[in-house]
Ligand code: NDP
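Below you will find one chain, with nothing else, as C-alpha cells; this is the form predicted alone, and questions on how it binds or moves follow later.
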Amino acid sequence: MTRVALVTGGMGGLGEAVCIKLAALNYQVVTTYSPGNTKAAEWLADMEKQGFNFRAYPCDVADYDSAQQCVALIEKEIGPVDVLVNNAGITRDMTFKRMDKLNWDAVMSTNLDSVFNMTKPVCDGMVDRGWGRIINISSVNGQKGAFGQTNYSAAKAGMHGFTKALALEVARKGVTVNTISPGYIGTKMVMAIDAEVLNSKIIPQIPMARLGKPEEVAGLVAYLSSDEAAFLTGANIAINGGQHMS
C-alpha cells in the first residue's frame, strides 16, 4: 500500500527537500501552493524530469474553507492523507514598535491558523484508520525568540502547543503529532540574508559553525513519518546545530 503524504508549501526550500525525501521512500507526495503561484506547472515539470511524480493543488492554507476543499479534492483524486507536514509559512519581520495588525495577522494566519486548517480535515480519517503522522515545522525562534519577530516567534511557539495537546488526544489511535524546530537552514530565504550579517552574526551563534542542510531536516521528517517512529509523539525536536538547547 502506498501512503499519501501531503506537504504544505512544498515548492522550494525546505518543503521541496521534504517532498523529494518522502518520494524516495515511496510515499505518494502531494503538495500545496498559493493560488497566485504562476510557477507551479514549471516546478512540477522540473521535478518530473528528476523522476518525481508529484501532485500539486492550489490552496490558501490560511483560509479554512480553501483547506477543506483542497483536502477533499486530494482524497477524492488520490486517496486519504496518511502523513501531513505543515510546512507553509511566511515572515513579516519588524520591531514590535513598527508592527501593525496587518503584518501580525498575516503571519499568525499563514503560520499558525494554517496548522488547524490543514489538520482538521485529515485527522479524523487518520484516527479511523488507526495510523497517521502529523508533523509541524516550527523554528528555533519559536523556542528562544528573535529580535523583530514577535509575530513569527509567537506563531511558531503556538505550533508546538497545538502539537502537545493534539498528541494527547490521538495517541491511543495510532496517530503521532510532533514538531520539528529547525535553526538556520541553507535555503534560498536564508541565503538571501546579507552575507556580512550571515557570516558575522548568524553563523558564529551556531556551534557547528555552518548552516543546516534542507536534506538533514527532510531526513528527520522521513523518520517521523515512518512506522519506526510510532512511539514518538508530542515532541519538539530541535535541529539547529547546537544554536539553542533546551
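Under this definition, the rigid core comprises the largest set of C-alpha atoms superposing within 1.5 Å between the forms. Position 1 is the first residue in the sequence shown; the rest follow in order. On a predicted model such as this, the values are computed, not experimentally measured, just so you know.
There is another form of this protein, the form predicted in complex with the ligand, and it is not shown here; the text below is about that form.
In the predicted complex, the ligand sits within 4.5 Å of a heavy atom belonging to G89. Looking at G13, you'd find a heavy atom of it within 4.5 angstroms of the ligand in the predicted complex. For F54, no non-hydrogen atom is located within 4.5 Å of the ligand in the predicted complex, even though that partner is not displayed. Taking the partner from the other structure, the ligand in the predicted complex has a heavy atom within 4.5 Å of a heavy atom of T187. When you look in the predicted complex, the only residue of A62, L198, L220, M47 with a non-hydrogen atom within 4.5 Å of the ligand is A62. Taking the partner from elsewhere, every residue among I137, K156 and G183 has a non-hydrogen atom within 4.5 angstroms of the ligand in the predicted complex. Heavy atoms within 4.5 Å of the ligand in the predicted complex belong, among the stretches 89 to 97, 160 to 168, 127 to 135, 74 to 82, to residues of 89 to 97. Applying a 4.5 Å heavy atom cutoff to the ligand in the predicted complex picks out T110 as the lone residue from 91 to 110. Comparing the forms between this form and the one not shown on their rigid core, the Cα displacement of A41 stays under 2 Å. The rigid-core alignment places the CA of I193 2 Å or more apart between this form and the one not shown.
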